[in-house]
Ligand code: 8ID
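Here's a solo chain for you in structure tokens, the form predicted alone.
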């Protein structure tokens, strides 16, 4: 195989400092093979998904701050064009199509990594946050953390599975539910929520979708939601959930919201022994729970943070079998600023994928 030509410069979307506007520049350097460290690879991207986390990184509104200047993005799919010299026993090779996730790298040898919580590694590197991400034509990643993409799964279809899909897949996987149980998905028509409906259905769960608007209702019902609740029309969401579940409440809720109300509502509509999966990452919002009723109802509250390498492989495999499909629209990188604005205003149903072939 001939060695791919690697340009000296590329087009990328850069945030100069927290809260600064996006600058799409064409003079951003591309790391050359000689500059890669052992274990690193260079990926020429086909596309990348856009996630709410990218917006938080750009705004700098989390307790943890992203590096700046920053190239955001962490849902990239592309082809490996270089692997660093002295990389030992690489599981991937030049020419492989791979995915770039939020978790770019971890040590693989600490307690967290050994227990399958690589995302909690104290030395973790995060794409588009602590290291430059996928809003660029080329990105540096690590051979032991990129995710191989099956040949039958298109790049744009795989992109958002790498974060939105993996995140909700793991949350549902650990939601302590069984086939036939009821699971509630606030924000079900959004980027994470519409994938959560599908992953929940693959596990035989009955889904209550909570969101608002005709477009999102249509999407949720087409994806198999058993019950739809419009939070702007409902007079009492807790009562509506209990009514839909025969009065006892749901077995679990996967909450991706960044405001407190959906969390407190979930604690009220969960049945005894139910599980609240806390997934959203708001900057300063706190979760308030009645200690009495948390104990009295034997409620489980579990934080679920993205996923590990195995979660990613499983989530991608399910998508490659056609059981989960990301609903997305493709846009050029120049439209990233407008996409951020739509995310802030809750106007996006499904997902946006930046396609570099549109440049």
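Source: prediction; values computed, not measured. Positions refer to the first chain, counted from 1.
From this point on, the text means the form predicted together with this ligand, which you will not see here.
Enquirer: With a 4.5 Å heavy atom cut-off, would you call residue 134 a contact of this ligand in the model of the complex?
Expert: So residue 134 does not count as contacting this ligand.
Enquirer: Taking heavy atoms and a 4.5 Å cut-off, does residue 309 contact this ligand in the model of the complex?
Expert: No, residue 309 sits far enough from this ligand in the model of the complex that none of its heavy atoms falls within 4.5 Å.
Enquirer: Though only this chain appears here, would residue 259 touch this ligand in the model of the complex if you measure heavy atom gaps against 4.5 Å?
Expert: Yes.
Enquirer: Just to confirm, residue 51 within 4.5 Å of this ligand in the model of the complex by heavy atoms?
Expert: Residue-level check for residue 51: yes, a contact with this ligand.
Enquirer: Considering non-hydrogen atoms and a 4.5 Å limit, which listed residue (274, 72, 189, 78) is close to this ligand in the model of the complex?
Expert: Comparing distances to this ligand in the model of the complex, the residue within 4.5 Å is 189.
Enquirer: When this ligand is placed as it is in the model of the complex, which of 39-47, 317-325, 292-300, 55-63 ends up with heavy atoms within 4.5 Å of it?
Expert: Looking at the other structure, the answer is 55-63.
Enquirer: Let me know which residues along 324-348 have a heavy atom within 4.5 Å of this ligand in the model of the complex, or say none if there are none.
Expert: The stretch touches the partner through 343 alone.
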